[in-house]
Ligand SMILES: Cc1ncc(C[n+]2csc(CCOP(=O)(O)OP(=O)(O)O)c2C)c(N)n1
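As a starting point, one isolated chain is supplied in structure tokens, in the form predicted alone.
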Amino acid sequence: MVKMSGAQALIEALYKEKVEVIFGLPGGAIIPVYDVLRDSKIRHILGRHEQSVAHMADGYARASGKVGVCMATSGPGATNLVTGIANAYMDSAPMVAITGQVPTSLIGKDAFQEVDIIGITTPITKHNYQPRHASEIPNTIKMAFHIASTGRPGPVLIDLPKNVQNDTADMIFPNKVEIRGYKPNKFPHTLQVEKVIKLLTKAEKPIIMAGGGIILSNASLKLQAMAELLLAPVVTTFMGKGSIPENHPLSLGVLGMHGSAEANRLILEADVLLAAGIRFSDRTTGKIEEFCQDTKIIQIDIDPSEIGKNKTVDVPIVGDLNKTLTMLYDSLAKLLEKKEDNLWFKRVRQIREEFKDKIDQGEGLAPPNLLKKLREVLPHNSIITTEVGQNQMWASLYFKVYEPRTFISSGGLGTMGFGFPASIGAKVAKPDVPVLDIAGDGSFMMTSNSLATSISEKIPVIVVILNNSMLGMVAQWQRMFYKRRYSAVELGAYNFEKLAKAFGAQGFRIGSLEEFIKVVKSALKSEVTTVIDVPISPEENVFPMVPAGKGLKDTIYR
């Protein structure tokens, strides 16, 4: 037991959780914590907007597998964090968000910069806390990190009244916590495992659908082993991109609204679907009533509330994906002989050949062509973040990913402005790995002030702006489904080269594919952030595409 202030206890508790970096922006209600943080060994990275610091923590968490920590003051500082917290919640990113709050004596009295952040964030966090006494802080931090990082990961918010930060108390730092009612089920039920084995051993056309849960549970190698044993092709959800190397013969790419032609076709022909770590999102399944109607479906997830939520399944299994796939693989390996070929795999090759030349990938600076060339230039372990919109879908379709945790994007919430700050967080997590944000001009403009953070904190990343001077995806929908009646999508032309240079970054506007490749190679060696402005046609569409409300069989290819 040791006597210290609440602010000192917070920093000490973060030390004990092995926190090395906090992304934050101070204000009046969190000054006591910042005063202690100044003398600590924890690195603080100063953002220029609270939404961005949350995205930085999110990117850090996804690249490293650790809990990302962000911090802000009360009122508008706290509410500015909300979009980033919601983004982390939708994509199951482990995060602890710390906010300052007015003194307890003023709570509920409309004090300056007071807001009920506990009430606001309740639907978008796994849990939240507001300690009313300084002595509660060590246990609160321990519980917050435990909840954020176990079971289905997600954000936890801690709201600290200013007087609680200043008050002193005798502190006890627990080594572990037991939280009543919170015990994630890691190990699957053996009877359910037996049912799955029975289905898979009889399957003639099995397919695996891998989601973000595979990456979160570090189950990628076991997934690949299962696929090879079953000779089952693997489709991934958008969040599952990278769960299997996309140059593997069994990888069919991403499924869904902007999924690959092979994935959207073959999943409808499967007789058994093993869905691992997914939530059957509408963007993935298309019209849910038509999705895999005649297929036996197995769903594995550590979150029991996801089982059967959006799609009725035949065999549910609740458990950690790595442990569950290990159990399944060990049992199946005793029953099945590994094959190099069969009728189902021949069908996979046939479909691949059918669609080989059906998708127009363009030439020169056409986004599909540009992204394929970019892949050839970047090392395999490079981390790619994306903004949201057409740039994101082009990256999903045409930039092949070979390792887990190297493709980071806003999946569930679709948050414009996510990619650039997330790239900064990812670079902090992996300083020796190239990090590149694939952006649209509209999305980049939302958080481009993070250039100041990137420069002042010496965190060099590369930003490639696919610049069509439009809100591209909205324009595509208006072009295709609203008779080209463009409404509020024309952004105008801006000089991103000069914008980058104004912050001290490198800026380029390029005019050819050859020039683009040359600039990227140079940027990979640079110690400052590089912004590459790539003008593209505003008429470019992302294909394949499944129109909203339609099924995967209605995929439009060009």
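Quantities reported herein were computed from a predicted structural model and do not represent experimental measurements. The first residue of the shown sequence is 1; numbering continues from there.
Keep in mind the form predicted in complex with the named molecule is missing from the figure; the text below concerns it.
Shown alone here, Asn87 lies farther than 4.5 Å from the named molecule in the model of the complex, counting heavy atoms only. Although the partner is absent from this view, Gln101 stays clear of the named molecule in the model of the complex, with no non-hydrogen atom inside 4.5 angstroms. Contact annotation for Pro94: none of its heavy atoms lies within 4.5 Å of the named molecule in the model of the complex. In the model of the complex, the named molecule stays beyond 4.5 Å of every heavy atom belonging to Asp320.
Heavy atoms within 4.5 Å of the named molecule in the model of the complex are found in exactly one of 202 to 210, 413 to 421, 310 to 318, 184 to 192, that being 413 to 421. This chain appears without its partner; in the model of the complex, the one residue of Met446, Met257, Leu365, Val348 with a heavy atom within 4.5 Å of the named molecule is Met446.
Interface residue among Cys292, Ala261, Val388, Ile459 relative to the named molecule in the model of the complex, by the heavy atom within 4.5 Å criterion: Val388. For the three residues Gly442, Asn468 and Leu471, a heavy atom within 4.5 Å of the named molecule turns up in the model of the complex in every case. Of the residues in 262 to 283, none comes within 4.5 Å of the named molecule in the model of the complex through any heavy atom.
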